[in-house]
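One chain is shown next in structure tokens, namely the form predicted alone.
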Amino acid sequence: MKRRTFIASTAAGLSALALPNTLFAGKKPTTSQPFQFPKGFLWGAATAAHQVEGNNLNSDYWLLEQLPNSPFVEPSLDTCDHYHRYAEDIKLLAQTGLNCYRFSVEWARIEPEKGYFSRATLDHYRHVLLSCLEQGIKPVVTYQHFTCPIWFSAQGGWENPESIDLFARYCEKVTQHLGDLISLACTINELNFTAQLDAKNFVPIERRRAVMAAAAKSIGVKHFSAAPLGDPTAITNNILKAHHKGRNAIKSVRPQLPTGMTLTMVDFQAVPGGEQKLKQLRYEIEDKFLEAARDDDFIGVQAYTRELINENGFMPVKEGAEITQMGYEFWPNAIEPAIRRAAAVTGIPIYVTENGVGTADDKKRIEYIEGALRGIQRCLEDGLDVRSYIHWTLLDNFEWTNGYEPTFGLIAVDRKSFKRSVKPSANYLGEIARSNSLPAD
């Protein structure tokens, strides 16, 4: 296993807790009967364009991957070639029994140069959406999932106040071309990610500046900023405004299209003496963003693990704890407190838009999924409005700075032939989806 690198995976979210987690985490359902999920509950899997499509040449992350001393352990290259094989992948998703596919459209492909929107690329994504609908799959579309066009980052990225209007314009163009086929729209994936990374000090400020300076030099500009490595305060302020303006742009074209943000969350747990620090970190990383989501149609919750907090902040993973391929604790209970916190702060419907585990042992993936679903069951039994379980991820893919070693997928992908192999965990989750019920524990 590679040592975890300094940019946290999109699959490694942070979440919070509305009530003491000892009241909920691991509590057994009281019924001995199968639990029936609400009618219309979405069962799905997720991907991100840069992680699966391949050859995203005009994106800022592609540029970062090519730098000398790159923070990425390896480049993305072809990834899973999902750009050409999307129909096969969507068909496999449908055959397992899932009814929802969350994917992102790639801004760097759609607007490769400032002000130029590629009709061919927009048509491509329209074909992806039509492929979903042909298979009976509801498409959940993320408009921006970490990566941005090189030109955008070369003019300051999310640090640039112009980013707010640029993102809104992009949202309007995408919705005009695709909005009639989309079931739910997510503006920006994990827009609290930069705040999370900064709070945990994953990347010392000197290292961030060095990477951004190297990127700027490589393309001959004075300033380059790719989240989450830029100035965290400027990025957070502008990205929240961009979400709201982007949401309004989507609504101006398709008023009835449910639109929201997704947040990365964890199960925060304070050790004695860490209560006040936990409260501070929770606000900086989560609550500030949850409060900003109150006027949205829904909140997308993404959680993977827990974090122990003492008076100084984040603690190392507990000695003897089971560790995933990402270097954090195997903790299926994470999604329940995340949902409860999101519900308590926002008061709006909740979609679980990511949850999963990086492991080479598919039996552990099944164990993780079951643990997460038991937590969702408890939330539903308590009357919380939870409307989906979307697993991260559909395919073993390019896991950002960690490269191809971590495997989160329900479907394995051969790195040379691109052959897809459905794992037992996909069939396990698919059977639950088909029945829309969870067997008695």
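Residue positions are given as counts along the sequence shown, with the first one as 1. Note that this is a predicted model, so its numbers are computed, not measured.
In what follows, reference is made to the form predicted in complex with ligand BGC, a form of this protein that is not presented.
Residues of just one listed stretch (411-419, 371-379, 64-72, 391-399) have heavy atoms within 4.5 Å of ligand BGC in the model of the complex: 391-399. Checked against ligand BGC in the model of the complex, the candidates 146, 103, 351, 152 yield a single residue with a heavy atom inside 4.5 Å, and that residue is 146. A single residue from the set 110, 326, 215, 250 has any heavy atom within 4.5 angstroms of ligand BGC in the model of the complex; that residue is 326. Not displayed here, ligand BGC is approached by residue 51 to within 4.5 Å at the level of heavy atoms in the model of the complex. Under a 4.5 angstroms non-hydrogen atom cutoff, ligand BGC in the model of the complex lacks residue 346 among its neighbouring residues. Proximity of residue 190 to ligand BGC in the model of the complex falls within the 4.5 Å heavy atom cutoff. In the model of the complex, 302, 304 are the residues of 294-312 with at least one heavy atom within 4.5 Å of ligand BGC, listed from first to last.
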